[in-house]
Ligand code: NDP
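Coming up is one lone chain in structure tokens, specifically the form predicted alone.
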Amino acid sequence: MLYRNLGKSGLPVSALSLGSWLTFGKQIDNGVAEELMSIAYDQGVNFFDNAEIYARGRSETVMGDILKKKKWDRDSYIVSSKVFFGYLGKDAKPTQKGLSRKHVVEACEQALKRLQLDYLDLYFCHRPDKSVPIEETVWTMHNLIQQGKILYWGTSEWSAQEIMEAHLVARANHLIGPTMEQPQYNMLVRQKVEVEYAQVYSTVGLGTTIWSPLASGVLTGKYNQGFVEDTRLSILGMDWLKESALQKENIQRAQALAAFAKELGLSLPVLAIAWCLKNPNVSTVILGASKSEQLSENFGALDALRLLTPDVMEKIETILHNRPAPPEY
């Protein structure tokens, strides 16, 4: 396993990690979830990603039961949760969601209870909350760190401006600012990680725990011959992701990439994950799997890195034809 520090912090995080979104407590049974976590841990994965909203809290409950059963040394792995949507989702009352001090604190306590842990290693603000002063959220996260309930805090799908605003508040008040951001990043979604955050990496040392490296399955090639049922894009409530992921040009890119991956002796998923890892600003790539064979295959991305020479990367760019343009000043 390859390990990278999480942004400016001294925390070593495995370059490949395991997430539970749409799988734990929902798409797979608990036995499969345990098998996936065991495979990942044995491969050197030390980061397991979760959130209050995943399966309405059941994802954290399942992961907590597995961690308790496995009895791995607590100082050998990293666990995250995220706060914003509330575990009730659309049914949440006003004080059961968002980034107010009340919800952030109570959601942290609830996540710890579900995960059966004394503290969270990483705690993310799952989305920005325009209705809450940024000072309130930054102070609350700082206080949770001071209380030993979380070790690092970060953001997910925040803009560069919002991240920097949080850092300005933290610096002005001598508080601990956000360490990491969790954005979507893959061959088809590039703007935020490659362009928008470009200055943030050097300015505050932003770490990234990127999600959807396979573009919700598009970069596995499973949709190359048409839509496939019983996949994550067919799950109720995933229309927002299905519409953007299954655009005609994305399928065409996936078809061409699959052929190129074959020339390299790789599968398309392995190529896509290795491509994400090639970006030095990616701290860890969060893998999502519903089958053990899928997860085991994905670990081949670590060996595939050596094949991604400058010439190969340029050939991939020619296929993608979507390199984001830098901002004009």
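Worth saying up front: this structure is predicted, and the values here are computed from it rather than measured. Start at 1 and count along the sequence shown; that's the residue number.
If you look for the form predicted in complex with the named molecule, you will not find it shown, but the lines that follow are about it.
Heavy atoms within 4.5 Å of the named molecule in the predicted complex: which of the stretches 107-115, 140-148, 168-176, 124-132 has them? Looking at the partner contacts, the answer comes out as 124-132.
Answer option from Thr61, Asn46, Ser290, Asn281, heavy atom within 4.5 Å of the named molecule in the predicted complex: Among Thr61, Asn46, Ser290, Asn281, a heavy atom within 4.5 Å of the named molecule in the predicted complex occurs only for Ser290.
May I ask you to choose, among Gln96, Ser100, Ser156, Asn250, the residue with a heavy atom within 4.5 Å of the named molecule in the predicted complex? None of the other options qualify; the answer is Ser156.
Residue-level contact is defined here as any heavy atom of the residue lying within 4.5 Å of the named molecule in the predicted complex; does Leu120 satisfy this criterion? Judged by the heavy-atom cut-off of 4.5 Å, Leu120 is well away from the named molecule in the predicted complex.
In the predicted complex, does Gln182 have a heavy atom within 4.5 Å of the named molecule? Flag for Gln182 set to yes.
Distance check, Asp303 to the named molecule in the predicted complex, heavy atom within 4.5 Å: No - in the predicted complex, heavy atoms of Asp303 and the named molecule never come within 4.5 Å of each other.
Contact flag, Trp211 vs the named molecule in the predicted complex, heavy atom cut 4.5 Å: Judged by the heavy-atom cut-off of 4.5 Å, Trp211 is in contact with the named molecule in the predicted complex.
Taking heavy atoms and a 4.5 Å limit, what residues of 264-281 are near the named molecule in the predicted complex? Going through 264-281 in order - heavy atoms within 4.5 Å of the named molecule in the predicted complex - there is one hit, Pro269.
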